[in-house]
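Only one chain is given next, in structure tokens, and it is the form predicted on its own.
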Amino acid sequence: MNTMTNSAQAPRRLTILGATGSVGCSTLEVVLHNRERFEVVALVGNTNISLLAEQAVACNAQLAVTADETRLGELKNLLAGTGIEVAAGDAAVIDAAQRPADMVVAAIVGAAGLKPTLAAAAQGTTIALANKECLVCAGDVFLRALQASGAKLLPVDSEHSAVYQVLDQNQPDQIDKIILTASGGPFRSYEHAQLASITPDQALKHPNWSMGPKITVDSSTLMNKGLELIEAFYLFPVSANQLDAVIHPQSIVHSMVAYKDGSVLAQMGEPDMKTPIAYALGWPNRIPAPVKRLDLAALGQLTFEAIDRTKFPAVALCLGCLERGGSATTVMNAANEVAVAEFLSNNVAYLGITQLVDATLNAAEKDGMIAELRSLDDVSHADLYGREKATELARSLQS
């Protein structure tokens, strides 16, 4: 049963998985801006214990959980006397996700967010999804879990939120194409040869968005856009060949839906995650968000350009995984997490990120590891293979 309430009177019971991350912090800003509308059931963080405790006090959360078991004592000390329940470890994270709530914001970065989000979905809780891996790693498995429990899924990524807002849900057969936009990242105007010497510090400076390091690097390689195309495949009633992406440096148009009659509907707004977060938190109504208002006259112009898929091969790599099917997207995502971590540790060159992912996918196909995903165990198996093979290949590059 979907526990989402549409009552304008009762506060919406909310759990935030990944509270101390970029999306989690923006979510808390929206919540505190609309304090009377929400009752925070649980906050789940990782190692930023001081911030987690500060957030729990600010929103009067019932429960604060750190995924790091070794930090439980620190969290207890910081929250002593507040009446806020404290817990730690993987089991505690799952318990928090399963607590009765009207909505769970799934914002844990990476494959670590998959199990707790599935646990929340199994309760029939509305999921505000900011974790790409639930769909990229386990699309069919995750959607089956939602269908079995009757849980509602609301996209939080700005691109998918934009599509959700302008998509005619009653006439899916009228959709011609879904077009996601990409800022192009910090290296949009670079020549391909210039990319060979990119450093982690350069890759972590996104021109428009404030995000965590892994997503920021993914945005610079356009892997993030490729992952979003995979998500869109699972979120919306379209085939892979109805998905496209364009470069839009201003990040004002967040995505578009083209219809068969030639109409193209676009959603616009300042590049601020608090807008799509507020849309999800308030759904089916809209609630105020503490964001700058869009001034098109002051902006002056909006520009668009095609993606150079030679310079940014990650987009084609991701679409190719949809053609491969089965566990290809799972292996690809795992390999990319390893590749980005290796790059940030100065063990792999910038151009080596997508090369390492491609090599891992080719190895997986050769080893017979591209297979149908029937269960979470299958997902875990493919994810582990992708990580181990990518790590092995990365080490061979360093030797």
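Everything numeric in this text was worked out from a predicted model, so none of it was measured. Quick note: we count residues from 1 along the sequence shown, nothing fancier.
In what follows, reference is made to the form predicted together with ligand NAD, a form of this protein that is not presented.
Against ligand NAD in the model of the complex, the set Asp95, Ala120 and Thr125 makes no contact: no member has a heavy atom within 4.5 Å. Contact annotation for Ala107: at least one heavy atom lies within 4.5 Å of ligand NAD in the model of the complex. Although the partner is absent from this view, Val41 stays clear of ligand NAD in the model of the complex, with no non-hydrogen atom inside 4.5 angstroms. Not displayed here, ligand NAD is approached by Met273 to within 4.5 Å at the level of heavy atoms in the model of the complex. At a distance threshold of 4.5 angstroms between non-hydrogen atoms, Ala390 is out of contact with ligand NAD in the model of the complex.
The contact residue chosen from Gly150, Gly212, Pro172, Pro290 relative to ligand NAD in the model of the complex is Gly212, the criterion being a non-hydrogen atom within 4.5 angstroms. Residue-level contacts in the model of the complex: of Ala112, Leu243, Leu146, Leu322, one residue has a heavy atom within 4.5 Å of ligand NAD, and it is Ala112. This chain is displayed without ligand NAD, yet in the model of the complex the stretch 131-139 from 131-139, 322-330, 281-289, 256-264 comes within 4.5 Å of it by heavy atoms. Annotation for 62-97: the only interface residue with ligand NAD in the model of the complex is Ala67 [heavy atom within 4.5 Å].
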